[in-house]
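Next up: a single chain in structure tokens, the form predicted on its own.
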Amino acid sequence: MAVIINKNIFVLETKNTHYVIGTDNSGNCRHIHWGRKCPVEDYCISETEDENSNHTVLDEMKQEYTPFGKTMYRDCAVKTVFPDGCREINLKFDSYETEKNTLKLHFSDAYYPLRITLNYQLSDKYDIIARWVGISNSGKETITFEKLFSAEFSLPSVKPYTFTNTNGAWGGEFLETNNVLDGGNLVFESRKGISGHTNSPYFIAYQNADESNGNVYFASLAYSGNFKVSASRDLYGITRVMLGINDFDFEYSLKGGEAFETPTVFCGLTQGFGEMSRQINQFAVENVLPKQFNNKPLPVLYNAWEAVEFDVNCENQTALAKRASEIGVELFVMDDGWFGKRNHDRAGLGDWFVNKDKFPNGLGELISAVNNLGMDFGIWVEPEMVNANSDLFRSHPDWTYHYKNRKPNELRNQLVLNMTRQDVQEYVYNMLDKLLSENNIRYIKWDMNRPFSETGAENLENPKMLWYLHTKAVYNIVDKLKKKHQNVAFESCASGGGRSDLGALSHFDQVWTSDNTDATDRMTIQKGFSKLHPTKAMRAWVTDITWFNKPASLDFRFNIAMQGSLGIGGNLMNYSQEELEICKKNISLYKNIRNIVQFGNLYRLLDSDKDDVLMNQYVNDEKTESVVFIAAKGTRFHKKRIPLKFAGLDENKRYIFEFDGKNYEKSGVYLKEVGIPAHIRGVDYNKIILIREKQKI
């Protein structure tokens, strides 16, 4: 892959596409093309004029990164206030730099000491480009930014696009929504301090596309705070999309001599939604996930929350650990309730010292028992929060976001710590560092159970910076801990999937997808997650939670959970011997297939929401092994007699497998074009097919 330069034209060449920009005679940065490769010498910039006094050339122009001001009246990507009160940016192209697969385009304001750099980085194997913006202030006085997005896109067709995003909630994350944008504006955003459970920090845009065909344009923002994705279509039929840090209640003060880089956007163009998901999955594993564990399969874990909730002690945790080890669990995780006076969710949060009544000999006794059973030990924390009924809050009531003359709102009986304060950051880091240094802990489940409110930060000169600085502080603490404790994996949890974006996955090794572990609901939730997130990072549990779960067999629940990184959350002390054997059987199976699931290529063949039947196939890179999951939570009206057609296999290889008591040997092309017969019936039908290449004798 390469950056090709032809005079004032810059061509970013990926494996299958060209992304082309250029600079015009006025110094503007212009978007030219995003699509199939064309001869480089054919690319050029068309000079245009104002349509009339109400529709200017700047309104019509496809700018690569639109600044606020002059005769531009549509949305912008960057907006500032200079020290003298001027709020207009007048950018001119200065120079460019290239290094390997990176292009940097430098622009500066015609008068003020502001420099903006557009950064592009290509990957060797994928049609994915990383984009971000660098800004610097070479003056002495502060420049304040009111808007500072990471990227702007101009889509090529003048016909309307359909935009895919999510419109979910707690317990219903990643529920897909599709909106046709034929005019006006479409916005997806978060204002809660985290990326949230509702909309997602990405866009997927298409016109006539499905899983296998059609141009699919996408971009995902690697940022876990307030975000905004804004799409518009104007009278000229131009569809533009911008995404970055939300400009709601946002400012960033850049002092003289300082520089700043926006969060990264990963964007691409593929044929079909399936190829989009496969590329972002492999790309994220190789280039986004932290390097300590990115190429290692995640272990099967057991979490003890559902069994005992806050009533944890050394005895019941040891008993659960023994059961977990017997069914094949590799990582035992103790959840909430082990610290402070934490017997319920109304007290103790923030007091990160071991509860001596529950663990009179400290955590070492339990951890040794877990390790002696052949498992690693993990633990739950919620470092960004505090209960008013805690020693920490009584000692430092000023450590939360607050306004002096406003009563704080408690959600889940807790308040948000002001993570922009250096002393709070030091407390959180030192607490976790001490916990990890004194105990053989290999996994941290980092939770965050409420959004921000009372967003006063007296320590900041510009309090509107808190939204960004809080997120940055979380990233920095996790990175610092991971550097010192390199054997510890971190999971991002925010009341479920509230912080599961590519930004979180740049620092955490995995994410908690949703508090909703109902297998039927999870078919939809996990489908939405799979669109632009790596399968490996998706934690999926088998549980007994009664307020979500609809009746389903244990095998059915395992079928769904094994399509991510498997975890167990049920109360094993209540399981019969038969149920424990089902767990043991499925965990053993998962260990044999998890490399294919976590690192393989996903093909979404049937959709439970549209087809009554879920059918997902995972294929390894060599196309020698594959696993197919089929599940149906009660087919409607008629029993389903359908051909199962497979994908992702080598058409010229021969494959062997067993299904419904029959042994098959078929070619890859036959399995793709003809398939095999299936009779899908019953209340919770579930099958797993293991496919292997037939070895030549």
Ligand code: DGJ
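Model, not experiment: these values are computed from the prediction. The first residue of the sequence shown is number 1, and the count goes up from there.
Below, we refer to the form predicted together with the ligand, which is not included among the displayed structures.
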Asp336, heavy atom within 4.5 angstroms of the ligand in the predicted bound form
yes
Is Cys493 close to the ligand in the predicted bound form, meaning a heavy atom pair under 4.5 Å apart or at it?
yes
Just to confirm, Trp512 within 4.5 Å of the ligand in the predicted bound form by heavy atoms?
yes
Answer for Tyr252 alone: is it within 4.5 Å of the ligand in the predicted bound form, judged on heavy atom distances?
no
In the predicted bound form, which of the stretches 101-109, 495-503, 418-426, 350-358 has residues with heavy atoms within 4.5 Å of the ligand?
495-503
Contact residue in the predicted bound form, from Ser453, Asn620, Asn389, Asn449 (heavy atom within 4.5 Å of the ligand):
Asn449
Exactly one of Phe393, Trp132, Trp305, Phe599 has a non-hydrogen atom within 4.5 Å of the ligand in the predicted bound form; which residue is it?
Trp305
Taking only heavy atoms into account, state which residues of 407-421 are within 4.5 Å of the ligand in the predicted bound form, ordered by sequence.
Arg412
